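Starting off, we have a lone chain in the form predicted on its own, written out as structure tokens.
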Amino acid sequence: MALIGVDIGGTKISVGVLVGEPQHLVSKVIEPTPQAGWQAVLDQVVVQVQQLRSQYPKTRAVGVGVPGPPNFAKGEVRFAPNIPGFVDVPLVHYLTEQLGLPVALENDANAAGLAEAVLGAAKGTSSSIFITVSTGIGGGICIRDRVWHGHNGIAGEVGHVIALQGAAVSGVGQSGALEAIASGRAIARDVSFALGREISTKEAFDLAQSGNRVAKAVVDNALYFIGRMLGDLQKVFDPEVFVLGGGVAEVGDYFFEAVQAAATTSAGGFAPVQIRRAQMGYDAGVIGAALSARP
């Protein structure tokens, strides 16, 4: 049995095929994301899916991960902030008609978390919370090998939890949301302001690790808030493990040691905060999208 996964991003659409037992990714095609409205995006998805389907005619279903909040009851995407015209998109209906296959809809962070829960760092655990720290901050909650969406389908939106009231405003207009003070974009913004010149996220971490006092203060502050949030989530959800991924987490030990220390303090002795590094890399979204289409 083959499953096709689609990861729709603001700049590119990745489509891959998952086969075998254990399941593994065998083929992938990547194309730029059209910027001419939702139908152009979905038509591009159809072209890529059909390309792979011709190679794997026993494809059973298609799963699609989207960078925005889905309406699972309607099979629609409410909006995708980084794709022009991607608002109130009837994704499941449109793709089902075009492809003649069952189509599953998933949020992209949930999809990545599912990949880690089924095949990656959280494989075999009873529960896990995946958090990606990149340009923004997203998350996904898995109970064994299934995503928990919550009543309204928004479970796992940890980047929009208020971490520090009165701080910077997020992209959805919330003051002090975690991603507004601790994402890669936020770190680069704050170090750039403090040093009076344009600084990338990578450069901010390089400066911090080399001992630059200002950069280190900004970076350590951001990592403290991420860790504090993990400690709070441990007390609320009590997952077996947290899995951290995304471009910022790729910094390595500096990132994980600071986050672990803050998480342990924040948990206050209620339970140990177990943190693992994501294993699925840049294919997590495609793999998780395909897994979301399982029966």
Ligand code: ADP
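Please read all numbers here as calculations on a predicted model, not as lab measurements. Each residue number is its position in the shown sequence, starting from 1.
There is another form of this protein, the form predicted together with ligand ADP, and it is not shown here; the text below is about that form.
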Report task. Sort through Asn212, Ser170, Thr201, Asn71 and report the residue having a heavy atom within 4.5 Å of ligand ADP in the model of the complex. Result -> Thr201
Query raised in the report: Val62, Val41, Val66, Val248: which sits within 4.5 Å of ligand ADP in the model of the complex by any heavy atom?
Result: Val248
Query raised in the report: Of the listed stretches (178-186, 90-98, 114-122, 161-169), which one has a non-hydrogen atom within 4.5 Å of ligand ADP in the model of the complex?
Result: 178-186
**Report entry** Contact of Phe86 with ligand ADP in the model of the complex (heavy atom, 4.5 Å)
**Finding:** no
Requested in this report: Examine Ser134 and determine whether its closest non-hydrogen atom to ligand ADP in the model of the complex is within 4.5 angstroms.
Outcome: yes
